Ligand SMILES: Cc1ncc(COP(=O)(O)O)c(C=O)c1O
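Below you'll find only one chain, the form predicted on its own, shown as structure tokens.
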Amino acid sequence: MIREPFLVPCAEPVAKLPPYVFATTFKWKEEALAAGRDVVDLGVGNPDGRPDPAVVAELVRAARDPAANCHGYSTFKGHPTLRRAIAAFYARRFGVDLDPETETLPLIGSKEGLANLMRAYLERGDTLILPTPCYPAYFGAARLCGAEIFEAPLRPEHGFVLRFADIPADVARQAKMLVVNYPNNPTGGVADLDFYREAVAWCREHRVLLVSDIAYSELGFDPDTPPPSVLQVPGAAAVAVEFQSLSKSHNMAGWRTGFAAGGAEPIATLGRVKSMVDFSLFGAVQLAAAAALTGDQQVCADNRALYRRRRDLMVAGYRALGWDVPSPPATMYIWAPVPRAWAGDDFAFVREVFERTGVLLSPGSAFGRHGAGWCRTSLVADDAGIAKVLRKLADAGLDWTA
């Protein structure tokens, strides 16, 4: 077969997408595995736990039950049982009253929902404020809309919580959307309700859509102060939409199950966009997700204990090497400045660690300009795996001094 170059150019926003930073580290991993090397991937936040067996059982039951009628197209708005479960989750967890019919929307993962919300509200030239370091998927979704991105700094001295004084007045005047993510990926920073009150007031004043991503809300390590929701702030629904995911909290990353909650108008707008591109999730997955949200939430408690223990093991091990890393109050990551010997070059650090040990970390530059000079460790290895990683690092002959 003769293969000529493809003759039709792709759309300009796609052509202008920069290379995905993680594609480089994925390539390193693939090449190492092909060469027969032992690789430990702590770069991707891919949970290694299992969902609640009751959730799996509900998936199987629903898929087999003719009365559930799961094998045809789902409704655009998602299954009513799941929408009610989302509302019940918000009432129980946050004390927030939601209308399941108009203020909730199931998603094929929160990543999809965030991208479609940007598509719904951002036009070419609109300004989006991204506090960075942040989840890298935000960048691609914004660029596909042709949006201009302003990166506001998240500083360690402020617990990686956005300070609105760091947003210039001219950016505030131009901005159309602000995305905040707490507990934060990659830093583990946690925002309190006072922050959300300030965020709602600021967005109301500047007529900016506030997008809150709380995918890690169930992975806060302080039992006395669980991470809050922006929708706990009176009047928040007038300016805010919130996204949640079952990926990390319920070990359901591969199920692609998330949801949005907020005011009826933005939820309807997001639903209108989604109606043009998908038919919502497989019905049996939706019913299983409803079971996950209405169950006893023991899997969330177990995950909090699991990641807290892994955090403690890894932090202690890093510090024993001489790398004085911070201990995050939430999530499944450790975010740390690269050791002094690499002079802030996070890519060079991650590459050398990988070449010498086979342990793959994430370079901080992947998370935005304010992530440069840092790196992320995902806590996805079990206790034996952590001990193995720390042995490899100790034997690498590297200078870990911070």
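Quick note: we count residues from 1 along the sequence shown, nothing fancier. Just so it is clear, the structure is predicted and the values come from calculations on it, not from any experiment.
Although it is not shown, the form predicted in complex with the ligand is what the next lines describe.
- Heavy atoms within 4.5 Å of the ligand in the model of the complex are found in exactly one of 110 to 118, 95 to 103, 149 to 157, 303 to 311, that being 110 to 118.
- With a 4.5 Å cutoff on heavy atoms, residue 286 does not count as touching the ligand in the model of the complex; it lies far away.
- Shown alone here, residue 213 lies within 4.5 Å of the ligand in the model of the complex, counting heavy atoms only.
- Although the partner is absent here, residue 90 lies well away from the ligand in the model of the complex, with no heavy atom inside 4.5 Å.
- Proximity of residue 250 to the ligand in the model of the complex falls outside the 4.5 Å heavy atom cutoff.
- Proximity to the ligand in the model of the complex, defined as a heavy atom within 4.5 Å, singles out one entry of 256, 206, 143, 77, which is 256.
- For the candidate set 245, 280, 217, 132, a heavy atom within 4.5 Å of the ligand in the model of the complex is found for exactly one residue, namely 245.
- Along 164 to 191, these residues reach a heavy atom to within 4.5 Å of the ligand in the model of the complex: 181, 185.
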